[in-house]
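Before any questions on how it binds or moves, here is one chain, the form predicted alone, in structure tokens.
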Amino acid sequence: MSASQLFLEYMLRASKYALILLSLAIIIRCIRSMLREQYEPETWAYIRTGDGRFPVNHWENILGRAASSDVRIDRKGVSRTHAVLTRNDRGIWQVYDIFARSGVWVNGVRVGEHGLRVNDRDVINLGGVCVRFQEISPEKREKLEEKRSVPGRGVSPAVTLLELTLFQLFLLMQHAILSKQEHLPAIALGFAALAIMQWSCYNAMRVIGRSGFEVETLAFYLSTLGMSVAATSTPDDMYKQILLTLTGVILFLIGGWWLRSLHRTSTMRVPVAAAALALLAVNAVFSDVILGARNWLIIGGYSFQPSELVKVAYVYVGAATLEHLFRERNLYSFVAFSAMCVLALALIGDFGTALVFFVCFLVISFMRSGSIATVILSISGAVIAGLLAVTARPYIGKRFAIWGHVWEDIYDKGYQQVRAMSAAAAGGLFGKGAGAGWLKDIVAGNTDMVFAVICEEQGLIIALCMCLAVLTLAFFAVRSARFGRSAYYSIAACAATTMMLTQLALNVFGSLDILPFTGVTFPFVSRGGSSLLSCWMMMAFIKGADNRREASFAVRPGERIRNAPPPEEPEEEEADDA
């Protein structure tokens, strides 16, 4: 071995260790910042009773005697869930009676089906128990906001982003050592463009006064691994990958801006649902059958997967029916929309995505209704539908038949999974290096088996870090849901991460024969423009759920009351006169 070859071998080995250390550092720093920092709820108003003053921390609040109520009023006469107090993004409060036997009154006027507006110092009567509503002035809210901690003080997002940039440089070094020289300029441009995007996005957030950047950092980390997969499997399409990533980031920013207005978001749910169903209908009618399914539409020489874009619409619509969230616990319209989406996916043969939609439906329906019976009924219906699908589509039955027995037929039904497991094992803990693997050349290697590709080229440790990044986003969404200002943000974030987690499980466990092989992509990492765009768009929902001070651009800081005069602060001697 020549001196130059020996030098390159040492550089390759050093880059493997550096990539592992940087991956661990990025994930650990994001976890510390997102999950360990104390979450401080926002306070929008107060409910005063004879027992004291209770903060109103959300835009949709259950008033009742139950321990799970947002504002607990443990008095005789108050039902377990008696009323709902809501705020719209114009700053107007309303109270609704949720079928409490003893009724709800505001200043002696009974609350009807469409609710009643509540103003500062109004008296709300809950079954004979009177409480006073105290609204907070914009000036007081700003003072309360200043007392909340700013994220990023303990764990600087700039340092984490610098570590990600170094991760990209070491990954580019591996490509420079192992890739063909004619592809190197495009690969280098791809990683440079990604670094420019992330730092531009970070600086833009700093300009508008936002300090939280962990969600975006994890998305860029996963996109970096996706860029590496594209560079090794389809290097001729690197310019396309750059453009798709840039488009995804722009759609993420537009989505965050759009979600700032919940009124606008809720108003557009019907057109969005109609557009999603129309897109699936076009897909079912005009697409061609490829490998047993009709997932792709080809327009002007470019192909895309409509179901990936419909995922975003599904989350959007499922979380956007705020006016029915508490008062009407029926899910008929959403169930009908879900059934039509799943039926369309069944017609085009995309049963893996149909399963992702179904799991997301369970999460949305439970968070909206709180009904375990609804979930059990839905699962029962899905089992029946699954048995019918296996009967109607023989190739689905074959996938289930080979499950757990892939080594018995390594040249036919178990061909892909056997090679995925072999490649993953060959990569060991540290991997062979970017582009040095062979699994990427197998059919669907860079999409449905991308976890095994990362295991082979980057090693098991980085592959697990890739999974941990998605898990961190999911835990963050669940944690944020408890403190979210609006149920919309909480439901949408949990639904979006549910889709990502389901895809992760099906991709990882399917390629390792732990679950049946369904052909589902890994979020951000699998090759495919439609999948990449949908993942970036769903990040806007997760970002919207982050209500830490100055953390999310998807929510307006220091919400002010519009179209109404600022309330006066009540005198102290009136505090307990309710």
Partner chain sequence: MKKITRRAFSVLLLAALVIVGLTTYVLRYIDHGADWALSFNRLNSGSSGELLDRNGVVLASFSADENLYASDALTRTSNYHVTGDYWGRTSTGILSTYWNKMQGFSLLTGTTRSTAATTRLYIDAGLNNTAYAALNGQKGCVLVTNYRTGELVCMVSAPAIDPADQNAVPGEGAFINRALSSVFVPGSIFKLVTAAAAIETVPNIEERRFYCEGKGNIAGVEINCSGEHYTQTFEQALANSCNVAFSKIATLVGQDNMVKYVRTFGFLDSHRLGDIPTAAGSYPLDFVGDPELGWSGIGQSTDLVNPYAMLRFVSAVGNGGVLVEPTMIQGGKPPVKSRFMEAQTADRLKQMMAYNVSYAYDGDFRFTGLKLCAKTGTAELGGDLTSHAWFVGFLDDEEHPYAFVVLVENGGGGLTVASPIAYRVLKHCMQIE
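Positions refer to the first chain, counted from 1. Please read all numbers here as calculations on a predicted model, not as lab measurements.
Keep in mind that the form predicted together with the partner chain is missing from the display, and what follows is about it.
Mapping the unseen interface onto this chain, E40 falls outside it, with no heavy atom inside 4.5 Å of the partner chain in the predicted complex. Shown alone here, T502 lies within 4.5 Å of the partner chain in the predicted complex, counting heavy atoms only. Among heavy atoms of R419, some come within 4.5 Å of the partner chain in the predicted complex. Contact check for R482: a heavy atom falls within 4.5 Å of the partner chain in the predicted complex.
The stretch that touches the partner chain in the predicted complex, counting heavy atoms within 4.5 Å, is 432 to 440, out of 141 to 149, 432 to 440, 172 to 180, 340 to 348.
In summary, among the residues V270, L471, A186, L277, the only one with a non-hydrogen atom within 4.5 Å of the partner chain in the predicted complex is L471.
Think of it this way: in the predicted complex, the partner chain has a heavy atom of just one of G190, G226, G427, G352 within 4.5 Å, and the residue is G427. Annotation for 68 to 91: interface residues with the partner chain in the predicted complex are S68, S69, D70, T81 [heavy atom within 4.5 Å].
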